[in-house]
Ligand code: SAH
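In C-alpha cells, the next block holds one chain alone, the form predicted on its own.
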C-alpha cells in the first residue's frame, strides 16, 4: 500500500491532478500535462516531467511519490510467456503475466501486420493478465491463488502500475502495438470494484488501451455484475462458470452459496450486451468431475437464450490442488456438444504452464 507519509500520483484522475496543480498555484493545463506524463509517456520519476518548470518538479517530488511498482522477479517460459512478480511499498506482491501473440484472453481479435513507419519494426501483439487483489477471497477449489487467501485490495494506481511495468519492460506502445488486457490474475475484481473501475478509466483515457480490448472475469459477484452493466466505460465481461448445477458449483466455488447459480444466470440474461458482443463463460474442466458429455449438455441448457460463447480451460495442475487434468479426448467431446448446440466454444491453449503463469496457477511464486 502507498506510503502514509507520501501519497502517490499514479492512480489519480485528471480531476484529482487538477486539484493538486491548483493548490500549487499553477494553471489548469498543468494537470493535463501531468496526466499525459504519468499515463501516456510513462515517466519513471517526477523529475522526468519535462513540460514542468524545475521548481514545480521539485515541489511535487517533495510532496508525492510517483508510485511506479517494482518488478521483483521476472520468469520466462519456453512459449514466450513472462510472469512478473510485482512488488509494492508495503512488502506485498502480486503476479502479472505477459502473453505474446494473444491467445490469453478475450479482449480483441485480429492481428497487427506490417512494420511501423516510425520504428521500422513489426508491431507486437499480445495480452497482459492483470491482478486486482493480493491473493483472493473467493476460494475456488481448483485455483492455486485461493490457497493464499486475501491480503488486501490493490489501489487503482497499483492496478495501472502493473500494466505500465509490463509495457516498459517489453518496450510496448499501445498506439503502435496491439495490446489486450484481461483482469484475470490474482483476486476477484468485483470485490475491489471501485479501484478496478477507476483503473479501467485511467487505462482507457490515459494509457490509451481501448475498453474493447479489455476483459474482466468474475466468479459471480451478482450485484456488481448489474452495476457493471450500467458503466459508461467498461471492458467485456467473462463469467467463471465451471459447473452446470448448484450442488457441484457450490462444491467447486463456495461463492455459489451466497450468489446461487440461478441468481448468476438471471444476471447474465439481464446483462446489456452491446452490438455484436457476446458474454463469455469460462469453464475449467476437471477430470471425472465436470467434464463428461452430460455436463456439456447441461451447460447447453443453462446458456439457452443467452448470446454467449464458452472458453474451455483444461485444469492447470499445482501442488495442493486435489483435482486432475482432463483427458484431451473428453475436452474435445465437451467442445463438440456445445458447438453442435450452436454455442461458439474454444479450447484455451495453456500459456506459461512451466513457470506457473497459466490460468489458476498464480501464487506469488518467487522461483
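Positions refer to the first chain, counted from 1. Just so it is clear, the model here is predicted, and its values are computed rather than measured.
Absent from the display: the form predicted in complex with this ligand. The rest refers to it.
None of the heavy atoms of residue 310 is located within 4.5 Å of this ligand in the predicted bound form. Remark: residue 86 does not count among the residues lining this ligand in the predicted bound form, judged by a heavy atom distance of 4.5 Å or less. This ligand in the predicted bound form is approached by residue 314, whose closest heavy atom lies within 4.5 angstroms of it. Shown alone here, residue 95 lies farther than 4.5 Å from this ligand in the predicted bound form, counting heavy atoms only. Exactly one listed residue, out of 256, 192, 162, 218, brings a non-hydrogen atom to within 4.5 Å of this ligand in the predicted bound form: 218. The partner is absent here; in the predicted bound form, the one residue of 268, 214, 184, 166 having a heavy atom within 4.5 Å of this ligand is 184.
Taken together, the three residues 68, 158 and 203 lack any non-hydrogen atom within 4.5 angstroms of this ligand in the predicted bound form. The stretch among 337-345, 314-322, 295-303, 34-42 whose residues place heavy atoms within 4.5 Å of this ligand in the predicted bound form is 314-322. The single residue of 221-241 lying near this ligand in the predicted bound form is 240, the criterion being any heavy atom within 4.5 Å.
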